[in-house]
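Just the one chain here, the form predicted on its own, laid out as structure tokens.
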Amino acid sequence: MKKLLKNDAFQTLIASLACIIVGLFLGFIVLLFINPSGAASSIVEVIKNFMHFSSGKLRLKNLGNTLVKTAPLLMCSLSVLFAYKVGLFNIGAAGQYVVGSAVSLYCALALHLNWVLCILLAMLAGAVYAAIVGVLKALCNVNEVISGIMLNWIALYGANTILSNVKEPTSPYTLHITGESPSSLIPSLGLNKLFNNNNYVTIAIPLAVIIAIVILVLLNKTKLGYELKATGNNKNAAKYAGMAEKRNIILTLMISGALAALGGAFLYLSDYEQWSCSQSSVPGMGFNGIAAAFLGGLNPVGSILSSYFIQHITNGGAYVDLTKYSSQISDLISSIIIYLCGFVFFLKYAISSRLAKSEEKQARKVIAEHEKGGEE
């Protein structure tokens, strides 16, 4: 058992499950304080999500809806993960996600471009926007967290201004891509039929999984990945070894920004949602990507699972009985669980420390017995 506990992947799994269980328990306690009569059924609804429906067809359709929003969340998770592996905390992923959303929507609704061009231009915009943070970090030593937060708000208000030109006349929401520019929609290629003809289900879902695998290979099996991680561990040592540490910092944030922007394109080019030009807060998708990255143990494969779980409970919160709780209760429960995701690495550290102390105690016992035997 000890050998298994030493395995990093198993530690991540145990720590993640512990955080999830504690988060659900705390959510249940909150519901008990608000209205005890509906606490048990409400927390069950959060866990069930699409299983709330008795019809198999409705279950499939709503599972598809969860997967549609899992794809952009996974991209934001990979964005945060990629930067963190190189020693950077890309809190600006939220703003880069907004930039990707705005550019993809504008290219679709105003320029009527093909979906491939919309995606590529969104990724380019996200990379350029993140490069601002990279340049400030590499050349001016400006903390990427501070500059990233500031740029998040600039991205939001810039997106609202740009997209106000392509919104519905009597509504703050942008036009539907389906009616305005069908060629800009990401194709389904038959995937929608697997989810009871859910037309929002597109190839964005498998593409997100493929990209996660590509990031895993890039970080662990390529020279570029080695150089980027070496720069993150110690940029001075990387510079001494002949690596272009400043270029690597900028390149890392550009790749990270492109991933987050791709998440925005994946969501809005499916026409699942319309952008509200009156919103005054940065969308939570980019910030949830931070939780998904850490809940997944900063591993691309783990991020696939954690992104789905976070989106699962978020969607599941919509089925909480609103006659007993306010409409924000689902967000509250989801927030508690997401907050607990940040303790994954603390629990992994606790497990490792406990194992180390146990081994040290065992080693001292063996030495003591050996010394005692020598004296006899």
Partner chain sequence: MLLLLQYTLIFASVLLLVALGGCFSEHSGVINLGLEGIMVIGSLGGALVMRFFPGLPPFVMVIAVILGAIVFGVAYSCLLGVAAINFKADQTIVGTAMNMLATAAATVFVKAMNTAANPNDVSASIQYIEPKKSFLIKIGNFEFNWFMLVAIVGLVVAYILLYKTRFGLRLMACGEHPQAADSVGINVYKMRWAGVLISGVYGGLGGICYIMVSASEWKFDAGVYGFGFLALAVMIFGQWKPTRIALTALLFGLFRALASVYSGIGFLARLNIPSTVYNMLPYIISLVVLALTSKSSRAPKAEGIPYDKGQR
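Computed from a predicted model, the values in this text were never measured in an experiment. Residue numbers count along the first chain shown, from 1.
One more form of this protein, predicted in complex with the partner chain, exists but is not displayed; see below.
Proximity of I91, V142 and T161 to the partner chain in the model of the complex is complete: all three residues have a non-hydrogen atom within 4.5 angstroms.
Picking from 147 to 155, 237 to 245, 111 to 119, 265 to 273 the stretch near the partner chain in the model of the complex, with a 4.5 Å limit on heavy atoms, gives 147 to 155.
Contact with the partner chain in the model of the complex, judged by any heavy atom within 4.5 Å, is made by just one of L175, L218, L136, L185: L136. When the partner chain is considered in the model of the complex, only one residue from I47, L58, I34, A40 comes within 4.5 Å through any heavy atom, namely I34.
In the model of the complex, none of the heavy atoms of S54 sits within 4.5 Å of a heavy atom of the partner chain.
I313 falls outside the set of residues with a heavy atom inside 4.5 Å of the partner chain in the model of the complex.
Although the partner is absent from this view, L67 stays clear of the partner chain in the model of the complex, with no non-hydrogen atom inside 4.5 angstroms. Y200 falls outside the set of residues with a heavy atom inside 4.5 Å of the partner chain in the model of the complex. Residues from 292 to 315 that approach the partner chain in the model of the complex with a non-hydrogen atom within 4.5 Å are limited to F294.
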